[in-house]
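Shown next as structure tokens: one chain only, the form predicted on its own.
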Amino acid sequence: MKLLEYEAKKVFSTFGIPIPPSILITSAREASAACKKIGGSAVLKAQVDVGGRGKAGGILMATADDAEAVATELFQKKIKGLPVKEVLVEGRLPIQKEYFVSIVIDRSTRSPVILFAESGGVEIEVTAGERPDAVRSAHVSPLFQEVPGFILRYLTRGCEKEIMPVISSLYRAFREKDALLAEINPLVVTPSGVLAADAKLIIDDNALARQGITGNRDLTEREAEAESHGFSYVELDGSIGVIGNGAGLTMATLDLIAHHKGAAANFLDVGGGAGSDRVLHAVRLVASVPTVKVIIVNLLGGITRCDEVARGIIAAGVSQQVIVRLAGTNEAEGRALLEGAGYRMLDTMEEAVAAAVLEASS
């Protein structure tokens, strides 16, 4: 789950990373007082979960005299389609130098990797693309609770000595918060010291409970509903709804759809032992996706009973055609129920997928 800038900065601050003075506001009328409180000259930052806020008009300069008008402009905007509900009023900084520091998981080595560059800001991606040597990187063994000194010296050679403890603190935050990404861009040098002018923190969804987070706000409405039913669910951008039991079978169904030049609208694994109610919720959830033209249900009945699956499909009563392939426990009973209700049953996954792709393309 992605944290907003002000949330990430609050976390970083608890690990000893210096941050600029700031006040979070939820209405434009609070802006002038907030601006005065932090010194009269401020940057107003829309707190929305997107990158590139500055280029999209989500970061504006203000003084105590015009802060309310500037904040009003921000609260009336949509930044890349997202409404602005919160604004961070932050002290304007006399920046002398900008750096970039980021910690992510390198899946190939199964370890954190620290990235550091002596030029931060909105063009860091361009810099990395045009001059790869400008970004230094170093892997850190997940067994290390601290960043070894030789790695810090390699990353920050020739830079201000205050940079090293910030990287160390960022690494501790990364570890202790179960993060997938912890980033400061830019990390700025000012006459009064080093400050995190921006902050990004993404927490592993699997660790939310351990971090005391009760809900994942990154989920869409359908993803949240799927989670409430215990489904493994991912939204895609095609027109063929997919329901399977077991990740392997469901993924194989998606692969076969792609092989037949179709496009899946989702991945939904109902799990083993799904009863009729569980199947009903799964079918209705997939049918609620606006792009879905046809639904394929591909289940193998081991601990799952095919007659229970059939009852769930029939009870769902969705408008889209549902093409079914069932095999296993109580297969004959399930087939009889579906055929009696007018549903299309096919013998193999290949036939079911080919039929679904043809239906979606018509």
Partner chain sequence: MIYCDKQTRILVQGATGNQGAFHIDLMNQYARSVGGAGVVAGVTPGKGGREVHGVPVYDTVREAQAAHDTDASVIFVPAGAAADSIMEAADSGIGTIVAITEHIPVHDVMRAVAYARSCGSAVIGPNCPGLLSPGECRLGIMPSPLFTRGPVGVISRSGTLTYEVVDELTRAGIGQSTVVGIGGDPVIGETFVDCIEKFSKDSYTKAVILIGEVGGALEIEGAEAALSLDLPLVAYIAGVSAPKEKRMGHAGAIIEGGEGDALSKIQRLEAMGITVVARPSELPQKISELL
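On a predicted model such as this, the values are computed, not experimentally measured, just so you know. Residue numbers count along the first chain shown, from 1.
A second form of this protein, the form predicted together with the partner chain, is not displayed here; the remarks below concern that form.
- In the model of the complex, at least one heavy atom of L180 sits within 4.5 Å of the partner chain.
- For G238, no non-hydrogen atom is located within 4.5 Å of the partner chain in the model of the complex, even though that partner is not displayed.
- Not displayed here, the partner chain is approached by S111 to within 4.5 Å at the level of heavy atoms in the model of the complex.
- The partner chain is not drawn, but in the model of the complex it has a heavy atom within 4.5 Å of D255.
- Only one of R157, K261, K161, R210 comes within 4.5 Å of the partner chain in the model of the complex through a heavy atom, and that residue is R210.
- Site annotation in the model of the complex: the residue of A197, I151, V194, I202 reaching within 4.5 Å of the partner chain with a heavy atom is I202.
- With the partner chain omitted here, the record of contacts in the model of the complex names 243 to 251 of 243 to 251, 73 to 81, 186 to 194, 91 to 99, defined by a heavy atom within 4.5 Å.
- If you check the partner chain in the model of the complex, you find no heavy atom from any of L24, K85 and D277 within 4.5 Å.
- For the stretch 325 to 341, the set of residues having any non-hydrogen atom within 4.5 angstroms of the partner chain in the model of the complex comprises only R325.
- The pair D237 and N206 is looser in the model of the complex: their Cα-Cα distance rises by no less than 3 Å compared with this form.
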